[in-house]
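Quick heads-up: it's one chain on its own, the form predicted alone, in structure tokens.
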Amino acid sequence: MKALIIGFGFIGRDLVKAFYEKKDAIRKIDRDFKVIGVSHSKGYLHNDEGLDLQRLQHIKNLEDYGSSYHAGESSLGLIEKSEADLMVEATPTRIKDGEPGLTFIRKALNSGISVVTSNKGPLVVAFHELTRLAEKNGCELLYEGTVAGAIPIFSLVRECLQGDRVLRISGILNGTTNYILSRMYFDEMSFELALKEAQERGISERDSSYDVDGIDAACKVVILANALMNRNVKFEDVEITGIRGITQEALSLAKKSNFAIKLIGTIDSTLEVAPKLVPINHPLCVHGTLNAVHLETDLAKEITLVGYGAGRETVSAVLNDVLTVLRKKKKAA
């Protein structure tokens, strides 16, 4: 199988390393697997015989790779010329229009190329359009890395709970806010100081509004609702309250009653992201940068998954989706 990686930022670079480190496991499924193209906003690498992953994992900029680099060329051009079987789309998230990832995914699926993505934007904007497009063209569209990092929420429901109906979902879906609230709760830090520490440690971006105002968690609520509960909802359907208003007084009162305050995304009759009181012994009451997703279904009843929700953990989810595509293609061959 020939693969492309569109986007050579944090996820793209770590994915190259994972492909190299896990090459033996990949080749057990598909001994001919190779990455033939990698792109960023300024150009792309392309070699139909396969790029050298050992070499590629040690460079920060694609232009440093050498003669296979095409400066000034577009990712769309790479998708069109490559004749790839699989595209991993890992460009930055834009929730307003899903671009540029939405255009790349549409192009790939219309060309019969299966897609694995960690990019929330296209799925928030056009989930049902993209899933229908994949089905129409006989492609896979997998997106485990878009929600809760390495937690296999979509895989669990797709593979292990096929006969269950998901009735309700709730969860801690943003590690940055969970870290801030945990520091405020256990160490009595102010919101401002906990946020500053999160930024200094690289847990939060300098523009923290995406996290602390609940926007990131709301994106994940939309994807979960559409993917696991067959809703047809948009970002605007989520009622959002962030954590800026949480005070030490509120946390102290919660602690005295054996509760913690967590930013919880909820999907039932309505969609909501808001700070909630969570019993200290509830499975959702996890701390630090951990994420947790609580499923309620008709047969299995209640299941809670806990794990890390960002960084290299997301690469685990992307790699697993790639292996799933490889296995399905091998089985169909």
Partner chain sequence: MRFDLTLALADRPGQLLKALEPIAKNGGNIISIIHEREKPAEGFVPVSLVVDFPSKWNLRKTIEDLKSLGVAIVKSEEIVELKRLTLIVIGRMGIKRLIESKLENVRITSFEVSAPTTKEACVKLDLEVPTESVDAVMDELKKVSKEENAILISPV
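Predicted model only: the values in this text are computed from it and were never measured. Positions refer to the first chain, counted from 1.
Missing here is the form predicted in complex with the partner chain; even so, the following discussion is about that form.
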Indicate whether residue 282 is a 4.5 Å heavy atom neighbour of the partner chain in the predicted complex. yes
Looking in the predicted complex, any heavy atom of residue 167 within 4.5 Å of the partner chain? no
Is residue 275 close to the partner chain in the predicted complex, meaning a heavy atom pair under 4.5 Å apart or at it? yes
Tell me, yes or no, whether residue 206 is in contact with the partner chain in the predicted complex, where a contact means a heavy atom of each within 4.5 Å. no
With the partner removed from view, which of 249 to 257, 224 to 232, 122 to 130, 195 to 203 is the stretch that lies within 4.5 Å of the partner chain in the predicted complex, judged by heavy atom distances? 249 to 257
Among the candidates 51, 264, 62, 295, the residue which, in the predicted complex, approaches the partner chain to within 4.5 Å (heavy atoms): 264
Pick from 239, 187, 97, 135: which has a non-hydrogen atom within 4.5 Å of the partner chain in the predicted complex? 239
